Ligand code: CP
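Single chain ahead, written as structure tokens, the form predicted alone.
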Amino acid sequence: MILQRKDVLGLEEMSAEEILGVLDIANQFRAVFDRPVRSVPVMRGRTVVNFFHEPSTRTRISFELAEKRLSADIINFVSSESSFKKGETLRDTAENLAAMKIDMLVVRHSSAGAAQYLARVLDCSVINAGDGPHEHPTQGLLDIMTMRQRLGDLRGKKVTIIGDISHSRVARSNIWGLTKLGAAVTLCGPPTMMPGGLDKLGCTIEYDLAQAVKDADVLNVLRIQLERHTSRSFPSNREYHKMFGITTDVVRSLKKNAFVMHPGPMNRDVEISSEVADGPRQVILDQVANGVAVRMALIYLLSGGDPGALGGTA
């Protein structure tokens, strides 16, 4: 068994062996994308509910596409059109869905811990698609998959994560996954966006962008999560871009084979310039494609799929 669990709630709880096992299966599913018929029948007759209580574009479409390519039956839950508006609790809504004998729940919620709570009260498998500022495990996995495609073994590689660390679930999943695989993680951003205690996770904290990107193999650039801020954490977008924005000048200072990532959505010319976002050193669309493969792998494995049976399928 690659996954020794019913649910995927975060990379904090996953071992390095589990992470690498999931990515190996994702690589097999990635090969499906180049075939004339891009679907496999491994989830036929299984039902997956996409339970998105928070706005999403990339993650939701990626999960839906992964489910369709596995031939699953899909139900999309839209909170703005649900009984949440009538006062129904998260638990009541989830238990009603589970009573309909669904096989899997993909949940995004603005509250940290929502996915963990649902996993405790439901018998079906739960995949965390992002819970507040806590974790975003599938984004962490697809980021790591993209890095490994370019760098191979990540032990000793330097990954610099830049931006709104305090409010970023992507940063937390990256930190947990990368440190378990032996990468050296540097965090960079304004002091007002840097929570305490991250050095205890084995990260280097740097407030000077030039020092943070020096000798980096990867820059993973984060969006400023304004919707989670209770007060202004920096003077202006222009000031932030001047101090921490990834520009062509920053990219020119990188090592020859270093590359730039971004989980999206991008604030162009704030955390990343348009020239870099559209330039030859970014792998942003590779991240998007790998996201579908990672989510296919997780859904397949949690549904009891046999990794050894994929040779003739994927």
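This structure is a prediction, so every number in the text was calculated from the model and none was measured. Just count from 1 along the sequence shown to find any residue number.
There is another form of the same protein, the form predicted together with phosphoric acid mono(formamide)ester; it is not shown, and what comes next is about it.
In the model of the complex, phosphoric acid mono(formamide)ester stays beyond 4.5 Å of every heavy atom belonging to Q282. None of the heavy atoms of N257 is located within 4.5 Å of phosphoric acid mono(formamide)ester in the model of the complex.
Phosphoric acid mono(formamide)ester is not shown here, and in the model of the complex it never comes within 4.5 Å of any heavy atom of T47. Proximity of P265 to phosphoric acid mono(formamide)ester in the model of the complex falls within the 4.5 Å heavy atom cutoff. Contact check at 4.5 Å (heavy atoms) against phosphoric acid mono(formamide)ester in the model of the complex: all three of P55, R108 and Q139 pass.
Picking from 55 to 63, 32 to 40, 273 to 281, 249 to 257 the stretch near phosphoric acid mono(formamide)ester in the model of the complex, with a 4.5 Å limit on heavy atoms, gives 55 to 63.
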